[in-house]
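Coming up is one lone chain in structure tokens, specifically the form predicted alone.
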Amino acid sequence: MGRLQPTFDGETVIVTGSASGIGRAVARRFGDAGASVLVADIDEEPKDGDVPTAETIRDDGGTAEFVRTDVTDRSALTDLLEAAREYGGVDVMVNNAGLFVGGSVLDLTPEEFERIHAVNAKGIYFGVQAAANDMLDRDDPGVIVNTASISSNLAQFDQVQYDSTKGAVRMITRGSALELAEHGIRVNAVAPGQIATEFIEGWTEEATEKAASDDLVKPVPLGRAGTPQDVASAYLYLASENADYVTGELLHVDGGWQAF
């Protein structure tokens, strides 16, 4: 079976939330594809204690730099885009940083609500804004890829607060794509399903165990949880010339979970 291998030689890619999990896999894939990668995260160390992402990319022969970034701070995102100019300016902006806060709609506190929306919705919105403004300032339109979720379209138990942020990402993506199309900037999103990462503590084992059962409302048709590597290729596709006529799209990578 053939495999799509887009290249990003000479291009600069920012991936927020790329110290661990899906973001780490995405950053490494872009590094392998020849891009200069800015690893943007609030912490440099991966959650699994492995070698930091930027260092791993460099060890593999690529170009990468860690930029400490709090996506809830609009000025930090502006500084991040400025850092990318040292590499020629951002060509691909991946707004991936996110967090999970679970619990019943009856119990969520205002502080928890503000925290999850600040990262998952505000961080995406102003990441899109900062990248688009920088591309327009340089007269060099690029591509923006956001991280959505199956929760962008489908509700799950005890996840109202999380689902609402990912629903927001869906509309931020579509609305931005509509507005920025005239400037040649494409905006899309990847919507992962049940992915075995440390996004939620202990989730690697739990997701793998539950993927083929009905404990997650319904089983995953392909019979297993996904991995960050399963998801990463979708980002490269949407960022590449292969997707030149794709904008405003949510590309689901969920093992068929949404199909029934």
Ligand code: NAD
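Remember, predicted model here, so these are calculated numbers, not experimental data. Numbering starts at 1 and runs along the sequence shown.
Same protein, other form: the form predicted together with nicotinamide-adenine-dinucleotide (NAD), not shown, and the subject of what follows.
Asks: Is there any non-hydrogen atom of residue 180 lying within 4.5 Å of nicotinamide-adenine-dinucleotide (NAD) in the model of the complex?
Replies: So residue 180 does not count as contacting nicotinamide-adenine-dinucleotide (NAD).
Asks: Hey, in the model of the complex, is residue 132 touching nicotinamide-adenine-dinucleotide (NAD), heavy atoms inside 4.5 Å?
Replies: Contact check for residue 132: no, nothing within 4.5 Å of nicotinamide-adenine-dinucleotide (NAD) in the model of the complex.
Asks: Report whether the minimum heavy atom distance between residue 166 and nicotinamide-adenine-dinucleotide (NAD) in the model of the complex is within 4.5 Å.
Replies: Yes, residue 166 sits close enough to nicotinamide-adenine-dinucleotide (NAD) in the model of the complex that at least one of its heavy atoms falls within 4.5 Å.
Asks: Hey, in the model of the complex, does residue 147 get a heavy atom within 4.5 angstroms of nicotinamide-adenine-dinucleotide (NAD)?
Replies: Yes, contact at 4.5 Å.
Asks: Since exactly one of 35, 38, 195, 57 fits, which has a heavy atom within 4.5 Å of nicotinamide-adenine-dinucleotide (NAD) in the model of the complex?
Replies: Partner contact (heavy atom, 4.5 Å) among the options: 195.
Asks: Please tell me which of 143, 172, 84, 71 lies within 4.5 Å of nicotinamide-adenine-dinucleotide (NAD) in the model of the complex, judged by heavy atoms.
Replies: Flagged contact: 71.
Asks: Hey, of 181 to 189, 71 to 79, 103 to 111, 135 to 143, which bit sits against nicotinamide-adenine-dinucleotide (NAD) in the model of the complex at 4.5 Å between non-hydrogen atoms?
Replies: Selected range: 71 to 79.
Asks: Is any part of 83 to 117 within 4.5 angstroms of nicotinamide-adenine-dinucleotide (NAD) in the model of the complex by a non-hydrogen atom, and which residues would that be?
Replies: Stretch hits, in order: 96, 97, 98, 99.
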